[in-house]
Structures are given as structure tokens and as C-alpha cells.
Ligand SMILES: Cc1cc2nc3c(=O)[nH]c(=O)nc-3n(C[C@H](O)[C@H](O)[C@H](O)COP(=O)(O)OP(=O)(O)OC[C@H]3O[C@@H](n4cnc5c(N)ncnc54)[C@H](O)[C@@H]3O)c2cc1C
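The chain that follows stands alone, in the form predicted on its own, written as C-alpha cells.
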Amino acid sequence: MARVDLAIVGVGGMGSAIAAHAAQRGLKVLGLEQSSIPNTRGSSHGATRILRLGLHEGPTYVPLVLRALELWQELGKRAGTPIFHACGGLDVGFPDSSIPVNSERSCVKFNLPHEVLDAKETARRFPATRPNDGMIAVYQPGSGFLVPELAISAHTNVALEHGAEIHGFERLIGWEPHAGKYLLRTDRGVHEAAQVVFSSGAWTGKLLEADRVPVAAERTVLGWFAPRANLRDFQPDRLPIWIVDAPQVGHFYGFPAHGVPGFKLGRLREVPAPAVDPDLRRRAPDREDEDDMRSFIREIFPDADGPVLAMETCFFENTPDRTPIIDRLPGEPGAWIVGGFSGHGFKFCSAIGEVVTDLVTGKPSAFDLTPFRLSRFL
């Protein structure tokens, strides 16, 4: 039986960061991951992940992402290769859309470098884009993308270097308080931990169903398309990461070409698709998914409307208000939940690792975590 200070259930983007920070602080750490590390089963894969600074989700997140950026840059130096790539970012929509409006507000509040561009100027500077007439774009030169598989590997390596024990292919079956600590039963054995963190992504709601934790798994699809023309315009020095709120086709986000061939994009639904059981086999990407993405490409990125190169499924882990939960479980002084990031969490992983380590060691957090309390749902 392993006896540790901190057990972490789920070693993806969040769990690997928590393991790294906690192990560096001298805690005896056990990480339990039901699949490989990294893997393509959850929410932390797909070659690139967005990091935006002036977030349209609200100014509450900005201090967190600014700290995350510092930590990502430090981790990249430690790993010997960049994890964050600054290519700029565009938040695009009509003037009444919350995406450009709230992005600009966040930039102004925190004095972040930005410009507001009209549709014509956006297309001139970034010729891969074709915004609708009347659209505006908030351009943030400091935004960019992360490389998630490298990030998880780098955090896991830091944890291992500082004595953490990380187990892949070990699935949690059950857990319970025991003599002031916690027993965790897995398909490989039993472990004892003074504290436990559930950073289990799409599985969080299922693992913590008895505690009424409202995190639901949503199937979503990422696609990579070969541009039919002007391939050079889709490279990171000519195309930022972007989010577009297009009234006719909806809310999409995407990236310049990097790491794997093609122009990458995905949809963010304003109303999530019906929840799925993350343990059941996911419907593979199909023509319906491809056609959905093409409807957007043809409107805003017409030069990208070439052959599809790849499609992958992943999970969003949604809370009812699309805001994460970072809190203790009710009545459990040593059990914590870190989940429900609803499709926009990877950018924060490095900072969340630091935040959670503060919580489990009793150090006051440098951030206001009030909006992330579980009690708002109970």
C-alpha cells in the first residue's frame, strides 16, 4: 500500500501540473491515471491549445492566465523547448457580440496590449480570414497557443524528478475517508493519502456523483483541413489563434498550422450537446462533423476549404454555468475537486498546479477563488 501526502486522480493537463508543483514543494505525491500519460482519451490532446490573455469569459480569469503564462515559459525553459508560442490572438464578432466586447473590457482593465480592428483591416493584416462586413476583431499580440502533449510530459517529468510516484493505467474504483486520511481503491491495489485531489476531467461528475458534483462530459470534435490556396497565410507568423462568433454558423475557435498538417478548428456550442458517459465508446468523427466545420470554414476562412486531413474527438467537461470548480468537497477537509473547465481550461493548468498546491498546504491563495466554489450549485 502506498502512503502519501497527496493523491491526484487524473494526470492530464491539470493533474500533471498539480503533481509537479506539489512534488517540488516537498510533498510525497501519488498520481493515478486510468490511461497513458499523455493520452487521447480525455480533454488534453490535439497538438495545440489556445492561450488568450484578455479573456471574454471575464476579468476574473485574467490574473490567473497571466500567472499561467509565466509558469508555462518557465516550464518550457526547463524542458529545453517552448511550450507556449506567441502568435497573437483574434476575438471576432459583431459589435454586440460578447466575445470582442468582453475581450476588449478585459484588455482595458488589465492594460493588456490590444487593437480593435474592423473587418477590412482584419482581412488585410491576416489574409486567411474573411470576416463578415460589420464584424470587429480585438487583436492581442501577447496571446498564442500551447503544445499540450509536451506540457503534460514536462510537468510529469518534473514531478518524477522530485520523487512523485505516477501510475498510468490504474483506474480508481472507489475511495473513502479512513482514520483522518483517505483510502483509494484501484484496479491494481489500495493507497492511503492524507489528501486527495480529483482532477479527473470528463470523469469527475461520475466519480463524484454521490457528492452531487455537476460536471458533465460533452463530446466535441477537432478538425484539420488542408488549405486549397495560400497555404503560407495559415502559418503562425501570419495567422493568430482566433475565436469567431458568426451568427449564421455559430461560435468556432482555431489555430494556425503547427505540429501536425493542416488548419485546425473546433466548435464551442453555446448550449452544450447532450451529456455522454465518458466510459462508453465515443462516436467517431464522421461526415456530419466535417460538414459542420466546413459550414464555418466557407464563411470565414474560405481558402481553408480543402481536403480534410484529420478529425479527433475529445471531451469538454461542463458545469451548468460553464465556470470551473476549485474547492473542497463538502464535509471532507482533505478532498478537493479541480474540474468543470468547460472547454477553456488548458491555458490555466500551470497556474492551477500552483493554486492547488497552495490550498493543500494551507497557504492563502494569491487569487480570488470565490467564483469557483462548489457551493453555488448545492
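Treat the numbers as computed from the prediction; the structure is a model and nothing was measured. The first residue of the sequence shown is number 1, and the count goes up from there.
Unshown form predicted together with this ligand; subsequent notes refer to it.
Peer 1: Just one of 171, 212, 178, 78 has a heavy atom within 4.5 angstroms of this ligand in the model of the complex, so which one?
Peer 2: Going through each option in turn, the one that passes is 171.
Peer 1: Tell me the stretch among 90 to 98, 126 to 134, 202 to 210, 302 to 310 that has any heavy atom within 4.5 angstroms of this ligand in the model of the complex.
Peer 2: Result of the contact check: 202 to 210.
Peer 1: Taking any heavy atom pair closer than or equal to 4.5 Å as contact, tell me whether residue 61 reaches this ligand in the model of the complex.
Peer 2: Result no; residue 61 lies far from this ligand in the model of the complex.
Peer 1: Does residue 220 make contact with this ligand in the model of the complex, using a 4.5 Å heavy atom cut-off?
Peer 2: Contact check for residue 220: yes, within 4.5 Å of this ligand in the model of the complex.
Peer 1: Could you confirm whether residue 355 comes within 4.5 Å of this ligand in the model of the complex, counting heavy atoms only?
Peer 2: Residue-level check for residue 355: no, no contact with this ligand.
Peer 1: With the partner left out here, check for me: in the model of the complex, does some heavy atom of residue 50 sit within 4.5 Å of this ligand?
Peer 2: Contact check for residue 50: yes, within 4.5 Å of this ligand in the model of the complex.
Peer 1: Quick one: name the residues from 22 to 38 with any non-hydrogen atom within 4.5 angstroms of this ligand in the model of the complex.
Peer 2: If the 4.5 Å heavy-atom criterion is applied to this ligand in the model of the complex, 22 to 38 yields 32, 33, 34, 35.
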